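First, one chain by itself: the form predicted on its own, in structure tokens.
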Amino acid sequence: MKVFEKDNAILKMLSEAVSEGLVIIDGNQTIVSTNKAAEDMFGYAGKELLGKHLDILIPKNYHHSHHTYVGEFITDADKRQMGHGNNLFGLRKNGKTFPLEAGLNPFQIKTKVFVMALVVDITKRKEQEQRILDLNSDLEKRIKTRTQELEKTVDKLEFEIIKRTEAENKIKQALKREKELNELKTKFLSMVSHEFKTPLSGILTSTILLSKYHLTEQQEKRDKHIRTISEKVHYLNNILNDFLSIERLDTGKENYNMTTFKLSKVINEVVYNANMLLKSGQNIHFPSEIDDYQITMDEKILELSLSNLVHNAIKYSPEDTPIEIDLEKNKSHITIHVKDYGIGIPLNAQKNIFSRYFRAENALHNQGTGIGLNIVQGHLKNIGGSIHFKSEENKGSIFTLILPINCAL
């Protein structure tokens, strides 16, 4: 603490200029300095915290894991966000706990190592997240009520007893699937709340702004915000679908429906949908004379796999560049190449590109969960296909699907 006493006035002036709570500890996790924001946040006054062990600000049941984490941090010190997304809690003087975020910043004065923690009380944010969950719960109740009304309508119809029983069974199965989906959705929101924060904020903002446009001539503004809401909801729905696919792959519950169809049908549909995502000047080139290419496999899985590659090519490529789809065929396999001229994949990231949740450093500014390629690889492995790629940073990538002409499980 003597190191800090010499420049206490300067330190105090700097720390009080920070809106976040500031707590500085030494290598023994002893508190050597705080600012007023931190003291108010934890319910202490003046120099009351100085000389105390950091445990005084941490709920007892978190002491052990916290000691380990801070110890490792001091040993291998670098600036980081504490907990990396885990739930953290602080302990106020009155014994009450509250959720918080803490950014850790190491520094050294002479031979002594210190850690500065910037602490933010996120109680209001957690309350907003809970409000969203409550809104989802209310929506589920409304769905259940409407489904019950449908059951009453079905009961009133003068169908034969067999038809009525079949309808009731279908409704029960639908309710069961809806319940399972909502349970999974709740778990998912808890796991990846950071992926939901931005689109949910956009939806909330557009909803608030919609309420301000009452005049007929403001319809264009209303339409703009409705489109924003629709796009954000579509994005969230895609994330949920991806996590449902992961759950089915992990548990072996994925059922494949093998049919024979023309490859051109799927390619045309994928390209048609992808055209709505193209940036200015982008275009998709694909072979037109492929009507004689037939394949036996799960059509939805092929569409999912090809859509993932085409959408990634669009997302990670600049304006005014082409996306190229090429095909090759032999007696046993059909090979599909998707080529772009985008940011490419850094060499040190290529070994992990199919790992779940992995995203290369040069792709972090784009939205995404890092699970799409993992899902595609899992499906193709199950049906006897494969996926591989070639890529060079800042020059583009070629992803290749190799598909058996007759997939058999």
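Here the structure is a predicted model, which is why all the values come from computation and not from measurement. Don't overthink the numbering: it's just position in the shown sequence, from 1.
Omitted from view is the form predicted in complex with ligand ADP, to which the following refers.
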{"item": "Contact segment among 363-371, 25-33, 377-385, 54-62, judged by heavy atoms lying within 4.5 Å of ligand ADP in the predicted bound form", "value": "363-371"}
{"item": "Candidate spot Lys262, Tyr272 and Asp298, all three touching ligand ADP in the predicted bound form (heavy atom, 4.5 Å)", "value": "no"}
{"item": "Ligand ADP contact at Tyr44 in the predicted bound form, heavy atom, 4.5 Å", "value": "no"}
{"item": "Close approach of Ser245 to ligand ADP in the predicted bound form, 4.5 Å, heavy atom", "value": "no"}
{"item": "4.5 angstroms heavy atom contact with ligand ADP in the predicted bound form for Ile353", "value": "yes"}
{"item": "Ala37: touches ligand ADP in the predicted bound form, heavy atom cutoff 4.5 angstroms", "value": "no"}
{"item": "In the predicted bound form, the one of Lys224, His333, Lys315, Lys93 near ligand ADP [non-hydrogen atom within 4.5 angstroms]", "value": "Lys315"}
{"item": "Heavy atom contacts to ligand ADP in the predicted bound form at 4.5 Å, residues of 381-399 in sequence order", "value": "Ser397, Phe399"}
